[in-house]
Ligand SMILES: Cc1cc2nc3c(=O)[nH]c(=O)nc-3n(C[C@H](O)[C@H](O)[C@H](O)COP(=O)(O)OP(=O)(O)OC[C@H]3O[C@@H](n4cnc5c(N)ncnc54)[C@H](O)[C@@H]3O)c2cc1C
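Single chain ahead, written as structure tokens, the form predicted on its own.
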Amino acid sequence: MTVVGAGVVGSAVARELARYPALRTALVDARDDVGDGTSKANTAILHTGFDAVPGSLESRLVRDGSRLLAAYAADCGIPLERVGALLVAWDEEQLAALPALAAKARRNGYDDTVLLDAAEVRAREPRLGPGALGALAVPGESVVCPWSTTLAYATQAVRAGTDLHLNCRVARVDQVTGAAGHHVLTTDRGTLRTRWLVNAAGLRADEFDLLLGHRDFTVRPRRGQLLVLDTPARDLVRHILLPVPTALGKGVLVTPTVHGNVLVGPTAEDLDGPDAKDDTATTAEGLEGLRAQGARIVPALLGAEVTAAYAGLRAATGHEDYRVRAHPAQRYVTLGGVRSTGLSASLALAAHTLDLLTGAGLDPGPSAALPPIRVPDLGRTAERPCVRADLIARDPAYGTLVCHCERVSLGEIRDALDSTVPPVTPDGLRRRTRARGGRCQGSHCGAAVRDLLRRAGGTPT
């Protein structure tokens, strides 16, 4: 069994398959880390699916996946905060649309929405800008750490026997037909033979599908730029503040993060051209627009310091639903068109993939329990190792700070570098520890972090 794509969806699928010891599973990715593509740059929201297209596969999988991931996060130490969302109406047309959105939520199996008048909205979100006429409250919406989630999936899969191959781009797929048929994957790290194949290649899922002879969808990347505001802004925002959605998506939102920051974004820019799937550049125009829109929603944010800006690419296809399909004759499953809800749906999508594979003839054999894991809790409410006297007494490295902004100790960096799925770049280390993720963005600790990475055999650039 081979899963192509080690983002949050591919890693979740590999973890699901790792429950079956009789399967020998490989997880391959062209990049040098898990979750290094679309999965690393999103709004980090765990959606309930209240606003999905009723009856769609996405609706069902986001609803189920949200519950599964909330439970999984509690088991594994993944930071998650159920802050709730307010869908804010800023004009009469938006206000009139809220009851229909509440009815849509009920059709999606979510019954907890509450319509609020202007005074109730103001009471729940006191620093909201002037002009809010009402809101739809969605109390089940949460924020979660997307990096820890992907890392937990991949780590658990690898510890259960999955072979992880990074820097492994698949250039060609040949099929050997017959009862003992298999796929031959030509990669830049050699040849890989596999009887079963899962395409979780994200932005490249359409290109990979074409290698198998399918033209079911085309991915047109949709770029979303985001601003990260410094931690003092966190006290200005209590909920995920959503606009009334448009045809292009959920629009620009303001949301707290589990790390104590505030995000403003994303933009929604459909990109074309040969380099579109790699175009994660931010633009002055895009960021200025976000700054202005954020200040419109919460005026006090205008005085907040911006610590970082980034852009992610969503795998838009022009279809309203995921493009998930099994091809039993080829022993192949495509997971295409999984956009910004992939994080929320990931565990349910993994279970659905297993159902598709068994429906296509796979006999996975008996299942076994996965080894339990705990990932470092990088959330703002967690107690960091540097303040734990018991840890420091046993190992002084936890009392030696490397990144003072995020209070990341030498011991935590050492643990990450020695982990099951270690980082090889400073960005990979940041996703595992928060080192270089604070307000100075590595101005003070960058050299030390790069030196530690170099001594561990990574690439300090």
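Predicted model only: the values in this text are computed from it and were never measured. In case it trips you up, residue 1 is the first one in the sequence shown, and so on.
Only in words, not in the display: the form predicted in complex with the named molecule, which the text now covers.
- Site status: blocked, since the named molecule, placed here by C-alpha superposition from its pose in the predicted complex, has 3 or more atoms within 2.4 Å of backbone or C-beta atoms.
- Although the partner is absent from the chain shown here, Val4, Val8 and Leu313 each have a heavy atom within 4.5 Å of the named molecule in the predicted complex.
- With the partner omitted here, the residue from Leu61, Ala435, Val421, Val28 that has a non-hydrogen atom within 4.5 angstroms of the named molecule in the predicted complex is Val28.
- Between the options Val254, Leu343, Leu87, Val198, the residue in contact with the named molecule in the predicted complex by a heavy atom within 4.5 angstroms is Leu343.
- By the criterion of a heavy atom within 4.5 Å, Ser66 is excluded from the residues contacting the named molecule in the predicted complex.
- A residue is said to contact a partner when one of its heavy atoms sits within 4.5 Å of a partner heavy atom; Leu290 fails this definition for the named molecule in the predicted complex, lying far away.
- Using a 4.5 Å cutoff between non-hydrogen atoms, Phe208 counts as a contact of the named molecule in the predicted complex.
- The named molecule is not drawn, but in the predicted complex it has a heavy atom within 4.5 Å of Thr38.
- The stretch among 378-386, 112-120, 362-370, 164-172 whose residues place heavy atoms within 4.5 Å of the named molecule in the predicted complex is 164-172.
- For the stretch 37-56, the set of residues having any non-hydrogen atom within 4.5 angstroms of the named molecule in the predicted complex comprises Gly37, Thr38, Ser39, Ala41, Asn42, Thr43, Ala44, Ile45, His47, in sequence order.
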